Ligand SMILES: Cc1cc2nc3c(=O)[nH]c(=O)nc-3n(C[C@H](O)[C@H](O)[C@H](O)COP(=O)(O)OP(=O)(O)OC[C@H]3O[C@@H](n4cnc5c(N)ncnc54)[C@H](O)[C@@H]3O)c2cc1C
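We begin with a single chain expressed as C-alpha cells, specifically the form predicted alone.
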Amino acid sequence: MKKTDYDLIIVGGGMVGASLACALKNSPLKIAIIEAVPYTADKQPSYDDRAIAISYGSQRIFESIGIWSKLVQYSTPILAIHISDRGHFGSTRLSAKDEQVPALGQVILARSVGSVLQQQLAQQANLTLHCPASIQSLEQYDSHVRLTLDNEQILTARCLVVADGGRSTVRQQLGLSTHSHDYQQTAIIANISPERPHQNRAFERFTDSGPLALLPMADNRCSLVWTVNSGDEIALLALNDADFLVQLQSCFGYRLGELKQVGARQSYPLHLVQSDQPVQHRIVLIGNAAHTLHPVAGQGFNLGLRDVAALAEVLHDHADDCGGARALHEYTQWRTADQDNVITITNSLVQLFSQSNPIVGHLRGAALSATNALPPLKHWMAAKSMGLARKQPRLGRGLKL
C-alpha cells in the first residue's frame, strides 16, 4: 500500500478547513485536505446558499490571506445594526461610523466563499487534495498520526486538523465526548424583499420564540434567519408566501415597511455542541467540529475563522514540529478563553431573550436602552460583534505569517 507523509492533514474542505489551508499557502508545510464529497461548490455541504455574516475582524483575516479582493464583489457591507426586543421598549444601535471602521461586517453567500476558496486551493503548490475520500482508521503515535483511507492509501502527518463539521465523523472515531444542548428551536431561512431600502442595516429582533435576524443583501434583499419553537416551523413552511409574510411581519414590525416577497424557505434545528477535548495528541478540532453555536449574533463561522488565524500562526511558527506538544499547548492557551466566552454569551442571550416573563422583558428593554446610552458599553459590544475584543493574530492585524 502506498504511504505519503505530510506535515499537516486537514479533514474537511468546507469554509473553515479550506481557509486554514489557504492561510498556510506560503508556509514550508506540506499539506493535504481529505474531503468526503467531490470538491465542487454544488457538492460540498457547507457551500450552500445560506447567507453568512462575516465580521470586520474576519474580513481582515481574509484580506491577509489574500482572498478578500475576490470575495468583495459578492458581499454587502453592514453599516449599522439595530437590536430590539419585541413587545418591550428599548433598543441598541451600532454603527460603523461610530466605531470608525468601513463596515461592521459583510453579508455573503456561503457558496460564494466556497467558490473563491476552491479557486485559491487549485493554485496552491504545497497542497494535495484527497477527494472524495474518507478515513477508515486513525492511529496516534508519538511523532505522527497515521490514517488509512477508504481507497487503502496510507497518509501520515505531524498534525491532524479536524474541520469536518458539527457531526464530525473523526470526532466520533476518536471517541471524544461533547457537551450538547437542544434549544428546542428551529431556524427558518429565506430571502426577503422589503418595501423600504435597508440602507445596509442589519436587524436583530428578539421574540418569545427566539431571535429574528434580517441581514442586508444586494438588490435591496434581506437574508432572514427566524428562530421559532421546534414544531412551529412545520405550519410556517406550509403557508403560501403571502400568509408567511403576514406572520413574519407581525414578529418583525414595519421598520422596513411592508415585507413584499419571500424566496425559497428552508429550516434546520438548533443545538449547542461543544467538544470537551478539542485538542488531543497531535490533533486539533476547529470550527463546528469543536463548537457548533446558536446563530444568535452570527458568531459561529467568525469564531471558527479566528481559530484558523491563530492556528495558522502557531503551525507556521512551529513548522519544525507543527503538531508537537509545545505548539498545541500554545494554541490551546490562546483560543480557549475566546471560545468559552462566545459560547457563554450566545447561550445566555438565547436563554435570556426567550423568556416571556414580563418583568424580565422590562429588564431586557432597560438593558438595551442603557447600552445604547453608554458609549463605552456600546463600543465594547461592537468590538465583540466585530471579533476585535481579544488578542489578534497576525492575520487579524493585516500582517503576513
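The model shown is predicted, which means the values in this text are computed figures rather than measured ones. Quick note: we count residues from 1 along the sequence shown, nothing fancier.
What comes next is about the form predicted in complex with this ligand, which does not appear here.
- Checking 331-339, 50-58, 63-71, 23-31 against this ligand in the predicted bound form, the stretch whose residues place heavy atoms within 4.5 Å of it is 50-58.
- Though the partner is left out of this view, Gln247 does not reach within 4.5 Å of this ligand in the predicted bound form, counting heavy atoms only.
- Proximity of Thr169 to this ligand in the predicted bound form: non-hydrogen atoms within 4.5 Å are present.
- Residue contact check for Tyr141: none of its heavy atoms lie within 4.5 Å of this ligand in the predicted bound form.
- Shown alone here, Leu349 lies farther than 4.5 Å from this ligand in the predicted bound form, counting heavy atoms only.
- Only one of Ile189, Leu147, Ala310, Leu127 comes within 4.5 Å of this ligand in the predicted bound form through a heavy atom, and that residue is Ile189.
- Put simply, of Leu315, Ala163, Leu160, Val113 only one has a heavy atom within 4.5 Å of this ligand in the predicted bound form, and it is Ala163.
- Contact annotation for 4-18: residues with any non-hydrogen atom within 4.5 angstroms of this ligand in the predicted bound form are Val11, Gly12, Gly13, Gly14, Met15, Val16, Gly17, listed in sequence order.
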